[in-house]
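Encoded as structure tokens, the following chain is the form predicted on its own, with no partner shown.
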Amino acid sequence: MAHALIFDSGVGGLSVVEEIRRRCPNLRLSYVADDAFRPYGEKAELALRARLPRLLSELTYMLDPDIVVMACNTASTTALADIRAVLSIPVIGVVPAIKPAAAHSRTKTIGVLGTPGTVKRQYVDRLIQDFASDCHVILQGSVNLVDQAEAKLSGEPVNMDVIKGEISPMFASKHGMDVDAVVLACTHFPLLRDELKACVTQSVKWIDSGAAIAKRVETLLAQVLPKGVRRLRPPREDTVFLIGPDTHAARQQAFMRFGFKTVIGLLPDSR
């Protein structure tokens, strides 16, 4: 059975897991949440580039996956090249879905909703230049929405006032009333899709990269493990590894609702 490692700063990667399970139902999944270093969106680029290659190298050695999915936009736009340089297996990053949003938009006005660490990256600027140069693009960064998604998946109530306050500047800006497509450029945000929809009155298409990532996983696994060739492994359940203290029962239940059978807490790195 093929095996994929899904990595994120918290629960956001579950929005990608959902799409991967639809496309690759027989794929074994290990999920790692770097709770000890969350939120990534507030971390300096140098700090992420110092931490992530070493951490992914250690996790890959420990878990022995066939493929790694960096299910975090901030990590992907910051350290993907560094991570690929230290791993010998394919690594898939999450690319903000600016290209499909620009293609969908009839008004040629789109929003990009991500963490501050994502929307300010040059990588996003290049995506806009390459695929949305004919659009008005409104960038909106939020860490509070990450916290709301984490709370929701832990069984806590979502604060709709916070959600409305975080996204209202995007729609109140000069071209805000024309926004008809919003890129969910953080994997946490699709977990709040219903709440985001409830906070706007205009017609908006909320677009994320989950389905595209799942398709890429399927394609790369076919190349890495051709049909009829599978690595022999003992049977294992899909497992979540939480780096840090967030292992309370409600949070464990959230992962189990997404098909994971076991949740294991790991001690945070003290170095």
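Residue numbers here begin at 1 and follow the sequence given. Just so you know, these numbers come straight off a predicted model, no measurement behind them.
We do not show the form predicted together with D-glutamic acid, though everything after this point is about it.
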Would residue 148 count as touching D-glutamic acid in the model of the complex under a 4.5 Å heavy atom rule? no
Spell out, yes or no, whether the shortest heavy atom distance between residue 72 and D-glutamic acid in the model of the complex is within 4.5 Å. yes
Using a 4.5 Å heavy atom cut-off, state whether residue 186 contacts D-glutamic acid in the model of the complex. yes
Heavy atom of residue 41 within 4.5 Å of D-glutamic acid in the model of the complex: yes
If contact means a heavy atom within 4.5 Å, which one of 186 to 194, 103 to 111, 166 to 174, 78 to 86 is the stretch that engages D-glutamic acid in the model of the complex? 186 to 194
Residues in 93 to 130 that come within 4.5 Å of D-glutamic acid in the model of the complex by at least one heavy atom, in order, are 115, 118
